[in-house]
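Next up: just one chain, as C-alpha cells, the form predicted on its own.
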C-alpha cells in the first residue's frame, strides 16, 4: 500500500473506491497509474522479474487492500485465487464448505475429495448450528455468503469467531457482497477472495481474481504460490479492473435499488414459484443480512413455473437482458443455472440467476415480464 493509500483509511468506502490505488500527488504526476508492460527489470531491484511483481498490479492491490483491510495479491482469475488458497492445505485436511456455491469452487473441492487430498464436509451455511457442529475437528472453514446462486446468508460474525476460537482457518468468498457491503477480515477471517471479473471490474471485459489477508506469514505463502504457479494477471487487464473499481459505489447503489424493485415484483408474478433475495423482508435470510451487511447485493434467483424448459424459454425470450453466464457487470444477465452440469444438485432445476445491472428499472421489468409470460405458453 502506498503512502497515499494509508491516508485513506478514515474515508467512507464510497470515497475509497475512487481515491485508492492512485499515484502520489506530486507536480505533473498522472492522476491514474500507468500500464507497466515490462517483463524484465534492471538489477538490482525489489521486483526482480515480471512474474514476481508489476507496478500496475500494485496499484489495484493497494486499492483492494484499503477496501478489505488486508494485504492483497492479484491472480489471473478468481479460480486461480481459490486454487492458490486450497493449495496451502496439507494433504488429508478436513474442509467445511457450503453445499451450494460457485461452481468452480465446488468442482475444485470435489477434485480434492476424489484424489484423497482432502475430506470435505458440506453444510447449509445458513444453518449456524449445523456449521458449528461440522467444524469440530476440521482445519479450514470456507464460507461463501451470500451463496451462488441460492443466496443463503451465513452468520459470518458468529461462524468466524467460533472457528478462530478453535484455531480453524477461515476463508471467505466476498464476490457477491463486495467490500462495500461486508468486510470479513475485520470480522476475523484469515483470507478473503474475489472474482474481480464480477463487481469490482464491473464491465464483463476481464478475468481476474484476488486474495487478501492481514496475516503476513500467510501472505508470503500465497505470494510464493503465485510466483511459481504462474497464475499471474496481465497488466492491461489489471489496469481495466482498477478503472472499473472507480464506479463500484455508484454501480452497486443503482443495481441494488433495481434488484430490490425487481425482486418485489417477481414475488408477485404468476409465472414465478419462489424468489430468493435477502433484501426482501419476506426472505428467510433478510433479518440476518440486515444485522451485519450494509446492503443486499444485486443478484436475484427465482424459480420459474413449468420446470426447466419454461426457465430456458424465459431466458431465451429476453431482449434487453442478456442470456449469458457471469454476473456483476453494468448490464443485466440471466441464465438457468442447471444448464451447467457442474451446478450443485441441491439447486432447483428451474432456478434462474439474474444479475441486475444499471439499466432503467422499468425497461428491465417490461423485458422480464414479457419473457416470463412467453415461457408459460
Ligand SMILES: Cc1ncc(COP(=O)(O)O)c(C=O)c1O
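As the structure is a computational prediction, the values presented were derived from the model and not from experiment. Residue numbers count along the first chain shown, from 1.
A second form of this protein, the form predicted in complex with the ligand, is not displayed here; the remarks below concern that form.
Although the partner is absent here, residue 140 lies well away from the ligand in the predicted complex, with no heavy atom inside 4.5 Å. Remark: residue 183 does not count among the residues lining the ligand in the predicted complex, judged by a heavy atom distance of 4.5 Å or less. Although the partner is absent from this view, residue 207 contacts the ligand in the predicted complex, with a non-hydrogen atom inside 4.5 angstroms. Contact annotation: residue 276 falls outside 4.5 Å of the ligand in the predicted complex, judged by heavy atom distances.
Of the candidates 100, 301, 213, 197, 197 is the one whose heavy atoms come within 4.5 Å of the ligand in the predicted complex; the others do not.
The partner is absent here, but in the predicted complex a heavy atom of 77, alone among 256, 77, 83, 247, sits within 4.5 Å of the ligand. Contact with the ligand in the predicted complex holds for all three of 173, 176 and 327, each having a heavy atom within 4.5 Å. Proximity to the ligand in the predicted complex, taken as heavy atoms within 4.5 Å, picks out 142-150 from the listed stretches 115-123, 142-150, 235-243, 279-287.
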